[in-house]
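Consider the single chain below, provided in structure tokens and representing the form predicted alone.
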């Protein structure tokens, strides 16, 4: 019988090589208790958390904690159902309307995580007759979403509007929709997307643009809406994906301006 785990032998060996000379497995670090936004108790010692996404420190906000406690007391600890069935509460609708106002969008849809927001949005927007154009350094959730929607997938060079322009030019006779997906800030490198240039390219070729502002929401732009706001091109970004799990410390969201998509 074939070992179902055999395909991971190479990955296991690579992981073993990484941890062979380390006193601690970097993939298994457990924070026993958060002391502050940037300090955690690990193995009994206060340790600086350089990998945190807690950009604004709101996970330790007393006002946020009090509001969360009050909400749990009033609403309970779960919906016990999916959004499409019996899992949508009035509070969800209120939050979606508020976020749509913040992002200056017509509609907004809340997902449980940022990962699910990308999966749900991208796989729904790009169908089998459409083309997805992804920045080569896109997050895993974006690549996973591209596998769900059956669209043709084309990668362009990281943060390279000129390369995107060339690839869209080759699709001038394609009859389906073309959706460009970029991130505001790329989490693994810290690179910031040239959002205005991408917006100009997508307009030139009649494509759509989705910006994942997960790591820029709350920290860039005059009102914290991300790179598109900072670059003054929000009106040319068709779909915005963000998350509360970074700067705001919980949940995820996708917002879009097109009433026929989310209604």
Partner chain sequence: MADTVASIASLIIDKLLANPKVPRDITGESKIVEDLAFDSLAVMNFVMEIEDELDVSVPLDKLADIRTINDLASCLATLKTGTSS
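Because the structure is predicted, anything quoted here is derived from the model rather than measured. Numbering follows the first chain given and starts at 1.
There is another form of this protein, the form predicted in complex with its partner chain, and it is not shown here; the text below is about that form.
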Next on the checklist: Does any part of residue 111 reach within 4.5 Å of its partner chain in the predicted complex? Heavy atoms only, please.
Outcome noted: no
Next on the checklist: Can you work out whether residue 152 and its partner chain are in contact in the predicted complex, taking contact to mean some heavy atom pair no more than 4.5 Å apart?
Outcome noted: yes
Next on the checklist: in the predicted complex, is there a heavy atom of its partner chain that lies within 4.5 Å of any heavy atom of residue 148, even though the partner is absent here?
Outcome noted: no
Next on the checklist: Test of understanding: in the predicted complex, would residue 92 fall inside 4.5 Å of its partner chain by heavy atoms?
Outcome noted: no
Checklist entry - Among 76 to 84, 152 to 160, 178 to 186, 99 to 107, which stretch sits within 4.5 Å of its partner chain in the predicted complex, heavy atoms only? => result 152 to 160
Checklist entry - Which of the residues spanning 132 to 152 lie within 4.5 Å of its partner chain in the predicted complex, based on heavy atoms? => result 136, 143, 152
